[in-house]
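Starting off, we have a lone chain in the form predicted alone, written out as structure tokens.
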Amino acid sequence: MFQPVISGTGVFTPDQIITNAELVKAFNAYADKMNAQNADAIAAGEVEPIGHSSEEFIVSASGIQQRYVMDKSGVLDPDIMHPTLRERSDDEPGIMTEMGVDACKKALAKAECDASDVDLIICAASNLERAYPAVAIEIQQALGAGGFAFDMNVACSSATFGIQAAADMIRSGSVKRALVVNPEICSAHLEWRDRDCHFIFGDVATATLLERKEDAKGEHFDILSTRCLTQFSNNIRNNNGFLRRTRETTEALPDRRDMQFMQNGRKVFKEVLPIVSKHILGHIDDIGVKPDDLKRLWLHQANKSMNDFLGKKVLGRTPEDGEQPNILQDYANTSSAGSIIAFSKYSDDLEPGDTGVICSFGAGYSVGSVVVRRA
């Protein structure tokens, strides 16, 4: 058995930003346009008018102040309201590969490791740009890595589930080094025309390099334990799968709202938080780690209120500054990548022996936790 460690992380950040002010202006223009078009139906009580959004509402509901995106022009156009990403030829690298390779190269550089030494790549994300061939295999080729690669989708928990899979293979000796890469183009599956969620997501890519402890060249974190859990719920979903068009019809499909991101926020808040807090506390207890031993919680970045609740529940007190860092005010919800961004940006200051938990959670329901210790 080999000891797996995290020796490098990387974050690709798009160069386009949408502020809350820009987003609200575009959404309210869309709402005014639709309300004008449906004025008669609204007056007759047949259609509900679309209410305005506001910067205050967004910050209060989520803690988000801005988000990075791959394309802002389409999102901010009241006549489009979605990113306009150009269609690529089969001879060009996919957009997720471009994002993922950037993050992978940064993780490799931090670990002083060459891509040719990597023998496993897992592309773990909440949405993939195609069914096959695997995006992970394209990333493998673009990097010049060896071994094998495959895609994984566990929604917002994809990164931690990918880390568990890679860590298990390193422990067993089947691979020496692995990259878990999370290219999340969340803007493409968000319904920007829905006031209740139009502010939630942003785009980013993260990468985590895992290797055997004896092969790590620089500073690293020992992976003490990993644990995953799933429990079915339809409260967070996206029905736009490959079965959307059935053989019974070739007619144009209606504009179904459930073909984009859907969430019953109140139920999710009520049901997910007890699952996640119980999961983390049970995990650390089973390996002999007490809440007071935890120096940091790198949590899924979905909502500030959720993270504040979890931090207090796990630690048994209100977290002090820095103990439970948030990055969603700048990045928004980036699905599986959020906890890895937090870990990448807020882990260098930990001392040898300091212990923390990386935890992501979301649709499924799913929860993944990784307990690490600074070597």
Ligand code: COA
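Position 1 is the first residue in the sequence shown; the rest follow in order. All figures in this text were calculated on a predicted structure; none of them were measured in a lab.
One more form of this protein, predicted in complex with this ligand, exists but is not displayed; see below.
Residues Ser53, Arg195 and His198 are all found to lie within 4.5 Å of this ligand in the predicted complex, as judged by heavy atom distances. The candidate stretches are 263-271, 285-293, 144-152, 98-106, and the one lying within 4.5 Å of this ligand in the predicted complex by heavy atoms is 263-271.
Only one of Asn303, Asn238, Asn127, Ser277 comes within 4.5 Å of this ligand in the predicted complex through a heavy atom, and that residue is Asn303. When this ligand is considered in the predicted complex, only one residue from Cys156, Ala207, Leu190, Ile163 comes within 4.5 Å through any heavy atom, namely Cys156.
With a 4.5 Å cutoff on heavy atoms, Ala29 does not count as touching this ligand in the predicted complex; it lies far away.
Shown alone here, Gln324 lies farther than 4.5 Å from this ligand in the predicted complex, counting heavy atoms only. This ligand in the predicted complex comes within 4.5 Å of no heavy atom belonging to Met34. Residue contact check for Tyr68: none of its heavy atoms lie within 4.5 Å of this ligand in the predicted complex. In this stretch, 310-342, the one residue having a heavy atom within 4.5 Å of this ligand in the predicted complex is Asn333; the partner itself is omitted from this view.
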